[in-house]
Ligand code: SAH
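For reference, the chain that follows is the form predicted alone, supplied as structure tokens.
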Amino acid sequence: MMKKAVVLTFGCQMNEHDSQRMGSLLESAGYKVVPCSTTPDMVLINTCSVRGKPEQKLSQLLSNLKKDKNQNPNMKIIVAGCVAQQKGEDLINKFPFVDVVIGPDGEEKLLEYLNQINKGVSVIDINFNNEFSYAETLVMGPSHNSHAYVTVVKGCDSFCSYCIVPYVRGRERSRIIKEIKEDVKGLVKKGFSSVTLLGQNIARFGRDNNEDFQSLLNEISQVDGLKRLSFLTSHPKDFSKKIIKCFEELPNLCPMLHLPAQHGSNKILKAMNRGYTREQYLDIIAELRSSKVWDKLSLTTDIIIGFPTENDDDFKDLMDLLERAYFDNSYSFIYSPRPKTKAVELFGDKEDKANRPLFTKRLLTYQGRQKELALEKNKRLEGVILEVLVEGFSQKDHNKLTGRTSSGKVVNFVGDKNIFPGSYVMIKIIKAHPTYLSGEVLNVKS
């Protein structure tokens, strides 16, 4: 009987992608990756340490798994990702029943480590690799999904004062364009017609190997059969007009841009070591607004509320930025102190519990206005016919299918058995909601 493996993921798209890669490696080792199981042979937890909450969830999850491990000593437990990198041996000391602790750079050796733990040897690998080279298609399994991710640059050299990424993902390391292009060609042959290029700060791609991000976009866009190309994530300090030009000139480059502002106050941005002012950020928005892509562009951002020293005036600046930038969506959170960061050195490692109610109120105010703006933007699409790439069934309503427009907007609709993940359908938008659109099928394209 084939062994069952459950892969649990916290965090960003890069973590989701890393989990897919590790899941494919497990499948190549004879495991069947399942969404859940009461009696798994393997549990792999891919962790995130950008905020404190996922780290707390990991501790709760491992405490619960201890009982399962006692009942089934042969079950293997692997903790991977950023918390594994951050905690290292401390994780094994606190949870000695964990078999493997591997950071993001150790995930490529997963099969090697499976052999070790099958011999009763526990593994800790939190070393950084200076080189960054692997072929996505060597470990990508069959085309289970409509969309594929390709990592093009790892790590970050920005050292924002609140951010733990440089400490758990390492310094910036880029792959070479030729290698990436071969990966994308391989993915297209496997049935993927939509690809997202990934990097913590993707606009800095190639600065360590004499290549550049614009050349990467131009080369990848030319892959035969690639209908949609997108990328994550751009740092405002490294964003350039050349990227806007790519949006205007490359027909399969999706009109979607994630441009984390993090805040709207110059005082807070400086304390965050973001490397730009609110005025410079709004200048980018103005350039986008005057470009040919603006009418189709979906603009999203990240926001941190409650960063140390934030006052009412700072929050007003943030709300003003929200109005001026006119985001389609914001991923907004209350500041969480992270170990090793400059902010912890300056302001301490304890959450500001005394001001938590104030920060929560500010967060709800921000999110409430963002919701209004998102609905306002989405209502402009009512009655419009859009091409949607089908992803599968809606998580909230299994009677409906869900997919995404080229700008990344989620569309839910009623379909039939002839519509499958990876197909493109023309949808008429019937009703707008803040975070998704409802529509009806007009015809199936492929």
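As the structure is a computational prediction, the values presented were derived from the model and not from experiment. One-based numbering along the sequence shown.
Another form, the form predicted together with the ligand, is not on view; read the next lines as being about it.
In the predicted bound form, the ligand lies farther than 4.5 Å from every heavy atom of E248. The closest non-hydrogen atom of L187 lies beyond 4.5 Å of the ligand in the predicted bound form. The closest non-hydrogen atom of R274 lies within 4.5 Å of the ligand in the predicted bound form. Not displayed here, the ligand is approached by C163 to within 4.5 Å at the level of heavy atoms in the predicted bound form.
Though the ligand is absent from this view, in the predicted bound form it lies within 4.5 Å of a heavy atom of just one residue from Y335, F192, Y281, F205, which is Y335. This chain is drawn without the ligand; in the predicted bound form, the residue among S265, T151, S174, Q200 with a heavy atom within 4.5 Å of it is Q200.
Contact with the ligand in the predicted bound form, defined as any heavy atom within 4.5 Å, is confined among 89-97, 118-126, 216-224, 302-310 to 302-310. Within 4.5 angstroms of the ligand in the predicted bound form, the stretch 41-67 places a non-hydrogen atom from each of V50, R51, taken in sequence order.
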